[in-house]
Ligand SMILES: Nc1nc2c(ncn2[C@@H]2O[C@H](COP(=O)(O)OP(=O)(O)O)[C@@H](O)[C@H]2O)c(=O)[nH]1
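Heads up, the chain below is alone and in the form predicted alone; it's given as structure tokens.
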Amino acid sequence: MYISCWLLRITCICHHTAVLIHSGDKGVRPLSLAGHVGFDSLPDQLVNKSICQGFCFNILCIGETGIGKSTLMDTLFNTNFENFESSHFEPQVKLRAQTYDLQESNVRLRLTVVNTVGFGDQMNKQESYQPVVDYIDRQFESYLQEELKIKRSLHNYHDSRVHACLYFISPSGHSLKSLDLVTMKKLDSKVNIIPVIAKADTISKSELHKFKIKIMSELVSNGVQIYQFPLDDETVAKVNTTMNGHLPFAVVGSTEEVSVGNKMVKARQYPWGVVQVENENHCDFVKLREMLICVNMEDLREQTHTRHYELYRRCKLEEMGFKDTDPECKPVSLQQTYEAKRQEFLVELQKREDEMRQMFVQRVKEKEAELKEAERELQSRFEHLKRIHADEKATLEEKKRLLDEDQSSFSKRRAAAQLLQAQSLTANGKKDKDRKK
């Protein structure tokens, strides 16, 4: 049934596009066909090709620890995903992404569930929403880098961009927390936000109705743009208009089956009764599942690509200096922009080279001046040491001269003494001879 509905939507879109082309382009003339040609099977070909390729869908679940994010995901897709228990004492918010391959009938879906671990548990609440913003931007950047490659492979590229953000609101019954408003305001231009009131069976119906009105009023007054189900498609405009009035959805999740009457239903068993998950009188779970999966999943994917990703891509390319028009509002090709940026880069490179060259020359001059000053100091010290050496040498020579004079005088006195001693000995020898005679 859903494939037939989707086929009808594609046919309407193709017909609407053809009418726009015929009426808007004056160079195109409408012609009538004399017989059947066969291009009316293009929607069927598109459906068959899409079924063969499969689909991908990525959901981001934001909410406090223990608010029921994992349970709701299990209930939405009627399966048991791999869940991990987390505590309230995480030092920072972590995003855990898990990808699964699902199949229903002949339609294959690659589903990625991104869960926020430790959201709202930190003292500094900025640390709670910033990792979420960074994660979404990283997925956009990854897709942009794939698009900018020379050899692209987008047909088999795993698209990890977040298509829907289920923002779980605590069922306080009073108002939104400051963290909720700040986080949704930071994310409304990056992702399709669908607010849901978690564990809606904890407050009464009258309180729940007032709480919904209060939430929507606060979102509007704070300028938060949540995802609105599209109304441009006639096949789903009526149901989407009704469902837009039910936002935010009050949901209850459970994978346990309870016997109600003569059948087993997913429900939560309480001492006072049973809350049936798929009973629209008990909660909005069925509305959320219909709007998120059965009716608007393709629109969520399209809005992610045409609105949020295009905004990121445009801002990123503008930061890189790419523009569609010049100052005179004339179209500028990518090649022209590239050449202009290349010239700017070369000019900037040449400027930096000149600055570095001048800086190098200046440093060389400063170094030469330092070396010359050091050389002058060394020369001055050398002259000073030379003078000291000369003075010491003169002193030593004077001392040597005096020593030589003393030595010469000493030698003379010794020679004279030796002569006197010899003369004395000779005289004494003569006296002794004379006595003997």
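Counting begins at 1, following the sequence as shown. This one's a predicted model, so the numbers in the text were calculated from it and none came from an experiment.
Below, we turn to the form predicted together with the ligand, even though it does not appear here.
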The single option of Arg301, Arg108, Lys186, Arg268 touching the ligand in the model of the complex, heavy atom within 4.5 Å: Arg268
Select, from the options 399-407, 372-380, 41-49, 61-69, the stretch whose residues sit within 4.5 angstroms of the ligand in the model of the complex by heavy atom distance. 61-69
4.5 Å heavy atom contact, Gly120 and the ligand in the model of the complex: no
Are any of the heavy atoms in Thr202 no more than 4.5 Å from a heavy atom of the ligand in the model of the complex? yes
Does the ligand come within 4.5 Å of any heavy atom of Val252 in the model of the complex? yes
Using a 4.5 Å cut-off on any heavy atom, which residues of 365-398 would contact the ligand in the model of the complex? none
